[in-house]
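Heads up, the chain below is alone and in the form predicted on its own; it's given as structure tokens.
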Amino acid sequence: MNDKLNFNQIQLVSLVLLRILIGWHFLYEGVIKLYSPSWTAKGYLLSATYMEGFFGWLASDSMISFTDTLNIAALIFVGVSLLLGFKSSWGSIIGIALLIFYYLAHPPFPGYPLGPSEGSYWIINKNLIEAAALFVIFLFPTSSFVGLDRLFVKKEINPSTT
């Protein structure tokens, strides 16, 4: 797939910059939660306004430790993956899944109360926008050009040069 992508310099720099910025955001969110001993997703999950049963189950006493650990691990994996350009397609997919979960817990749908947020939203919020940006990174991977994945790209041998 990467062999068919042909970016000009500005496109490549823009996509790599987008990948790094989102990677930084995910990594920071994961690390800050890891080093905040009192942090838990329980309050966020229990205040869900959509799919309350599912998010309530994730916040239950038997699940919350697993949910918190998985959330932190996924945030850090996505962040490192995107920053280093290593398995960034997997990082993008996992990041999209996380953001869709965050979106569905407190969707800015008409008629639903707004959850914890920094502003006012209607249908589209920051989680959905960042998920769309990760989808762009997934569709236009740059880690085989700028990133550790470059070390693992198989080089095709041109028979005319041998």
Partner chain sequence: MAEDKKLFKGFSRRDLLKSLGGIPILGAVWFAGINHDKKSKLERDFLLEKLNIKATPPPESGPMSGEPLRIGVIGFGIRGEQLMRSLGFATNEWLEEMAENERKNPNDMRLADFKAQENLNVKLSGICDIFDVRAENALRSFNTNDNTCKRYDTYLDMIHSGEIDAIIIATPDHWHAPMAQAAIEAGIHVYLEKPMTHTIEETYTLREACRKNPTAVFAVGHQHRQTQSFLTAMDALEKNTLGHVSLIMTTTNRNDDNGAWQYDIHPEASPETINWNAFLGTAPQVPFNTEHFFRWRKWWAYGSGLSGDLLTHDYDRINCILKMGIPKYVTASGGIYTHRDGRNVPDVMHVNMEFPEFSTGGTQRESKEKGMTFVYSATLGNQFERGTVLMGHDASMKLGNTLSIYADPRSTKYRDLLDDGRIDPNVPIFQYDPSASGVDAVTSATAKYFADKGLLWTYRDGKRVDSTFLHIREWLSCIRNGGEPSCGIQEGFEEAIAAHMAGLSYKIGRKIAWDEASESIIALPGEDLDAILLNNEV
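In this text the structure is predicted, and so the values were computed from the model without any measurement. Numbering follows the first chain given and starts at 1.
Below, we turn to the form predicted in complex with its partner chain, even though it does not appear here.
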Picking from L46, V136, I100, I129, the single residue whose non-hydrogen atoms come within 4.5 angstroms of its partner chain in the model of the complex is L46
Which one of L70, L34, L104, I93 is close to its partner chain in the model of the complex, taking close to mean a heavy atom within 4.5 Å?
L34
Using 4.5 Å between non-hydrogen atoms, is I10 touching its partner chain in the model of the complex?
no
Might V80 be said to contact its partner chain in the model of the complex, defining contact as any heavy atom within 4.5 Å?
yes
So, V146 and its partner chain: in the model of the complex, are they within 4.5 Å at any heavy atom pair?
yes
D61 versus its partner chain, in the model of the complex: is there a non-hydrogen atom within 4.5 Å?
yes
Quick one: which residues from 46 to 67 get a non-hydrogen atom within 4.5 Å of its partner chain in the model of the complex?
L46, S47, E52, G53, G56, W57, D61
